[in-house]
Each structure stands twice: as C-alpha cells, then as structure tokens.
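One chain comes next, on its own, written out as structure tokens in the form predicted on its own.
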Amino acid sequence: MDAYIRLAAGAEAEVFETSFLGRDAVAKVRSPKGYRHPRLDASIRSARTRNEVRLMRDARYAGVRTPIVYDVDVEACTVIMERVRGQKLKDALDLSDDCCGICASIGRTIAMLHDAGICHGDLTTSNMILTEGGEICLIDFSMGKSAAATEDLGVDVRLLEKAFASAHPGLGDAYAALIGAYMKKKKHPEEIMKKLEEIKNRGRYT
C-alpha cells in the first residue's frame, strides 16, 4: 500500500488517496480525539468503524452501490476501500441536462436502502457519486444505522429535502421526480411520507 495523500477532512475522519494491491483506493481514517478519554475514544472510533463497514456491506447486499471495502483495521480505525470514479452528485446536478433522470435514480436507490432497514444518516448530494457507469453510489455511512425505525427513515428524507432546498434550489421538478421514484419503489412509502410531514411540522412549531 502506497503512502497516503489527503483528499478531505471532516469532523470525524480524514480521507486519503492510496492504493491497495495495485488498485486505486481511498483510506478513511478515524484519528484519536484528544478531548475524549483514550479508552472511551478508542472504543467509539472502533465501534463506528465496524458499524460503517457493516452498513456498506448490507447496503450492497440490498442492491445499493457503495464502495467495495478492501481492508479494515479496527485497531487503527482505518477502512481501505475502492476509489469510485465519477462526479459528486452535488456537482453533476449543476451540469447535467437530465437532472430528473438522475434524481429518479437517487429515489430508487434510497428506497432500496430503506427497504433494507438502513438509514444513511447524512443524505446529501455531497455523499453521493454519479459513477462513470451512470450508477448512484452512496458514500460516508458514518451516521447511519441498521434496523432503522420509521423516524430514522423520515429524517433521512427530510435531510435530503433540506439539502436540495439549500444546494439545488432551482431543481424542484427534479426533486419531485426523486420523491416520485422513491414512492414507486419503496414498500409502504405512505408510512415514511406521513412521518416526514410530522417531522416538518415539529420544526414549524418549535
């Protein structure tokens, strides 16, 4: 494995460009946090690393495109995974002539994820890649969970709705196509839509 070249840094982890057995790869590293007790910090970081890898695996079993995991070091809290070639959805939507088609694919992808009982936890177009093959690839499951309740799935959709309103305010029709495709693909979508309205109403009156 080659030396790491940093690509991005977030509150929880850093992402580096690297290679693994001759393949282009990225390494996601959860570094120690000095503000936490060392034992607690190690426990939290390793648990989140294991959880993210499990969610990515389960999402792939459900038919959702995620990066292939090549290697996991739980003690170092590092995941080596496929470097997915394509564009961040946030950028692709700004350039595409087929935003409605792309968004319909997003809706179907999220429906498959939710039908598998998985919530992503941070559904934004920055955490999706439009691959060179035209697939929607979901990345960064740091905030996700399995056996998700209806509340969790409703929050997922609400986060995406807010992301579109802020990052893509001119794509109302495309977002409508996304929701339409989600409802067509999702089992019992009315439960999620009802929860979504409940979540939105909470925000109006708090």
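Residues carry their position along the shown sequence, with the first being 1. Just so it is clear, the model here is predicted, and its values are computed rather than measured.
Beyond the structure shown, there is the form predicted together with a small molecule, which is absent from this document and is the topic of what follows.
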Residue contact check: Asp115 to the small molecule in the model of the complex, 4.5 Å heavy atom: no
Taking heavy atoms only, is Thr109 within 4.5 angstroms of the small molecule in the model of the complex? no
Closest heavy atom of Ser105 to the small molecule in the model of the complex, within 4.5 Å or not? no
Close approach of Met81 to the small molecule in the model of the complex, 4.5 Å, heavy atom: yes
Go through Ser46, Ser142, Ser146, Thr150 and name the one with a heavy atom inside 4.5 Å of the small molecule in the model of the complex. Ser142
Kindly indicate whether Ala8, Glu12 and Lys88 are, all three, within 4.5 angstroms of the small molecule in the model of the complex, using heavy atoms. yes
Of the candidate stretches 134-142, 172-180, 157-165, 35-43, the one with residues having heavy atoms within 4.5 Å of the small molecule in the model of the complex is 134-142
